[in-house]
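There is one chain below, alone, in structure tokens, taken in the form predicted on its own.
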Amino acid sequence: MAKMSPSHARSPQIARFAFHGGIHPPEHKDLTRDRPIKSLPIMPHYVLPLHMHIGAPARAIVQVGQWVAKGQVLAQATDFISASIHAPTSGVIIAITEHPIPHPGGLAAAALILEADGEDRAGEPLPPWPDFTTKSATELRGRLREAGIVGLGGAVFPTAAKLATGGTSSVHTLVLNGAECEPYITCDDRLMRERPEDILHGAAIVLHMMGANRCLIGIEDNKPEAIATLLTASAQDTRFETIAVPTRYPAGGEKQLLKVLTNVEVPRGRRATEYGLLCLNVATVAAIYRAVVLGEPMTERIVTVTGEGIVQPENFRVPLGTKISDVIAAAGGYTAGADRLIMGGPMMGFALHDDEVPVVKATNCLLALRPQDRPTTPAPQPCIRCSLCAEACPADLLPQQLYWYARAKQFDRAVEYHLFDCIECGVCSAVCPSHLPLVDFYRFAKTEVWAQERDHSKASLARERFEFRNERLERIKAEREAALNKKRQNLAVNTAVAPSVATGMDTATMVPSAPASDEAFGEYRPEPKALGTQRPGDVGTEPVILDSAVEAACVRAKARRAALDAERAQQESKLAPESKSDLP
């Protein structure tokens, strides 16, 4: 394929397709659109939750009091869907304890507390792989897993797991998501304008891993500078196509962007990789480049700090674990009247209970608002069945029905109406004339379904363990009975040894039987036997089995009887004459 000329590359393609629904809310991106990315100074403390990604939490491999270097692994991935955590700077681990985390419910979770030493000393880095084409897809996925790379578009799904489930030969097109459709947020916009080479190199690594030959870069048309920058940077590589996407929220949703760029509509329950498509955020592929080519694990991310409640809105490159209060302070602090702090955008973000929680891998924006900066939310009114929510839903769902089933706690029916296809974009809530908090009901229903599934899994596991225990006890009982029966059979064989009446032979010892008289018994003594022997001469009666001790006792008894008989005979002989003299 011939290479494109720079002049041809400067003309962006225009998306020819559209997705269902969507809205165009106020953008408010002018607050930070032209603010270059800045780095934060080293903070005194960093809080690193062990669970800042989708999947299983990481397992801490450091101890309290241990000094760690920048980039050192602090917690390792524990499952296929998990991600490692690295030190954002050098210092000492002073605690491993529960700490509040960014969560809509204000929950706490296990976290590492790092006290910085101010030296920012780096440890032994990962080996750089500048020529990544010599590495296999398996090796590259291992590097991404080792570096703790996750999706930075909001899902924070471990990238190594996503590339593994995508297969190595079925994907032919990589889609880079640069839409950044959420109001206020400009971190991806600034990244595309300042670091386009990192994005393109990271995309080239993914193309090599997946064996793909085409990359589509989708950017909303309200970011002309980012479109021009990437067009120029990719002009000499025919694999890349930069496409301007109409500004319409939520164009940054994966299925929505794929529909706009390729006209492929991924059905419910199917994955984009089944259609040869793989979608990654532009910040994710930039992190892939730094992990593979430079050997840098994920220790920081770009965060937009914005809103009318911030003195000086900025885009910061923030080390993971930095307290949000420190980030806000670096932006000049809060303005008078700021009363709400949101992590994320106004559509999909959630309000924080406190700003002492840390920046995590999912933190792309910190939005501070005053009451006058956000629309007032009237009290919810009854649903009037206007169907505006269904017309605006980008996932082509029936939000009204989902609302009724979630409210009535009929979660099975909500699942039947594709509850989990909801991307929680907030469009339905934004257009509802009754001001119903629809997304809140959907999140509640999802949480309840997940809780029921966990309870069901626990009950199933308990039942399996109970049944296995009963089977094990029955098996042990049967084995014991079988062993006892075998012992009884062996004992019966050993004890049921009778002499042959016809031949006079002892069938146990195969020696001739002795005469039946006592005198003969005293002269004939068979050899003692381990299990006993039959007393000779007991013909016509039940055989008597005598062991060596019983046989010896019989001999002693006969000797005493013989002595008594002799003594009695002697006394009778002395008395005989006297008896005769008394006769008349």
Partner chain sequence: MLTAILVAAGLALAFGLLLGIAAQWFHVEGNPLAEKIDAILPQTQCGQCGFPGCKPYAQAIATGQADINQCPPGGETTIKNLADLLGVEAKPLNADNGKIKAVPLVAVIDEAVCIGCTKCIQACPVDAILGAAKQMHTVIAAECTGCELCVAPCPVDCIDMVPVDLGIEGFRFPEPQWLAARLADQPAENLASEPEATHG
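We call the rigid core whatever largest set of C-alpha positions still superposes within 1.5 Å between the two forms. Positions refer to the first chain, counted from 1. Only a predicted model underlies this, so the values are computations on that prediction, with no experimental measurement involved.
Beyond what is shown, the protein has a form predicted in complex with its partner chain; the following relates to that form.
Heavy atoms within 4.5 Å of its partner chain in the predicted complex map, among the stretches 310-318, 191-199, 102-110, 173-181, onto 102-110 alone. A heavy atom within 4.5 Å of its partner chain in the predicted complex is found for exactly one of R370, H208, R214, K409: K409.
Distance criterion of 4.5 Å from any heavy atom to its partner chain in the predicted complex singles out E448 from the list D117, E448, D79, E139. Its partner chain is not drawn, but in the predicted complex it has no heavy atom within 4.5 Å of A161. Heavy atoms of Q381 reach within 4.5 Å of its partner chain in the predicted complex, making it an interface residue. Taking non-hydrogen atoms only, R270 never approaches its partner chain to within 4.5 angstroms in the predicted complex. Within this chain, E474 is remote from the site of its partner chain in the predicted complex, having no heavy atom within 4.5 Å. Judged against its partner chain in the predicted complex with a 4.5 angstroms heavy atom cut-off, the residues A459, R465 and R560 are in contact without exception.
For the partner-free chain shown, D440, F441, R443, F444, T447, E448, A451, R454 of 440-457 come within 4.5 angstroms of its partner chain in the predicted complex, judged by any non-hydrogen atom. Shown in the overlay between the shown form and the other one, fitted on the rigid core, is a CA shift at I23 smaller than 2 Å.
Taking the rigid core as fixed, one finds a CA shift for K458 of 2 Å or more between the shown form and the other one. After superposing the rigid core, the C-alpha of I476 moves by 2 Å or more between the shown form and the other one.
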